[in-house]
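Only one chain is shown below, in C-alpha cells, and it's the form predicted alone.
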Amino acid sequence: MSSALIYAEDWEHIPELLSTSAALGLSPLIIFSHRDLIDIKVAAKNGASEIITHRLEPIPTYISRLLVQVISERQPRIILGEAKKNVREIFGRAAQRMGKACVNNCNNIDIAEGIVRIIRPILGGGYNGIQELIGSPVFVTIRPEAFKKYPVKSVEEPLITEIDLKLKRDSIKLVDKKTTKRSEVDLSLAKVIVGVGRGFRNKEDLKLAEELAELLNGVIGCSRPISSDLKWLPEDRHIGLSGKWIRSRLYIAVGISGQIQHVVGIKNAETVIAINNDPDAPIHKESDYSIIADLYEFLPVLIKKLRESKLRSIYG
C-alpha cells in the first residue's frame, strides 16, 4: 500500500494533514519533523505509525536535502505539508533535486486510478485549476483550513526514528530567529467572525467591531492591510488568499471593500453580511445581505439593539 510522508514545521494542523492522507487510502502515515516539535500523543491519536526526527536548523537548503534522503529510503506516494512560505521552498528544492511534480496551495486532492489530482486557486483566486500530477512521488502543500477532518484509526504509539545528514556547510547560516506574534484565536474554527478593513480610521475604533463580536460570541478577523500594512492586528487574523480561509456560520465584513484576495478566504462562510457605505464596493456582490451605511453611524445602533435584545432575553 502507498504511504504518505507528512512534513511538519509546526504541529497545529497535523490532525488535518494526517486525516487527509488517511482519507486518500494512504498507509502507513509517516511524520517528518524537528525533534523539539514532536507530540507523540497527537501523532498516535491521528494514526501516524512513525515519526522521523531531525535536529537541523530550519534552513530550506539543508532541510530539502535531508527530505530527499528520507523520501529515497521510505518511497512515499505523496509528500504533504502545510502551505507556508518555508515549506513551499523546501518542497520546491526537494522536488527539483528529484525531478518530481510539486504544487502549492491546494484546497482539494484525490487519487483516482493511481493518478493524484488536485484543485487549487489560480489567477488571484478567482478560479480553480484542476491538475493531474504525473509520476511518483509528488509534493503537495495544502491549506488545512480548506480540508475537512476525517475520522482516523489511532495507534498505540508511533515508532520514533532519528535521522541525520552530514552536510557540507555553505555560505547560508541561521543568524537569528524571531517568532511571529500570534493571537489565541483560530479563525478556521470560529463560528462567528467580524472582519474589519480600511473603513476604520483609527486602531482605537476597532473597539466597535470587538464589541459587536463579543455580543455575537464571535471573534475579530481582518483584511490584509489591517494586519500587514497597519499592524493593528496580528498576521494570523488576516483572512484571504495569503491568510486564513474561514468556514464560519456567520461572517460580517465591516469597512472591507471586498477585493478578490479577501473574497477567496470567505467563500466557505455560510452567511456573509457586508457593512460598507460604498454601494459599488465589490463586497456587496459577494454577500448574502448588504447594508450600505457608514460603519460609525450603523455599528453603535446595531450594538445598542443587540444589548437591548440580550437584556430582554435575560429579564423577560
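Note that residue numbering follows the sequence shown and begins at 1. The structure presented is a predicted model; accordingly, all values stated were derived computationally and were not measured.
The form predicted in complex with a small molecule exists for this protein as well; it is not shown, and the discussion that follows is about that form.
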Inset, instruction - Given that the partner is absent here, state which listed stretch (24 to 32, 60 to 68, 286 to 294, 47 to 55) has heavy atoms within 4.5 Å of the small molecule in the predicted bound form. - result: 286 to 294
Legend entry - Among the candidates Arg224, Arg120, Arg88, Lys100, the residue which, in the predicted bound form, approaches the small molecule to within 4.5 Å (heavy atoms): Arg224
Legend entry - Gly218, Pro76, Gly81, Gly199 - the one with a heavy atom within 4.5 Å of the small molecule in the predicted bound form: Gly199
Inset, instruction - Would you confirm whether the three residues Leu208, Ile246 and Leu250 all fall within 4.5 Å of the small molecule in the predicted bound form, going by non-hydrogen atoms? - result: no
Legend entry - the small molecule contact in the predicted bound form: Asp278, any heavy atom under 4.5 Å: yes
Legend entry - Any non-hydrogen atom of Gln261 within 4.5 angstroms of the small molecule in the predicted bound form: yes
Legend entry - Partner contact for Ile256 in the predicted bound form: the small molecule, 4.5 angstroms, heavy atom: yes
Legend entry - Ser242, heavy atom within 4.5 angstroms of the small molecule in the predicted bound form: yes
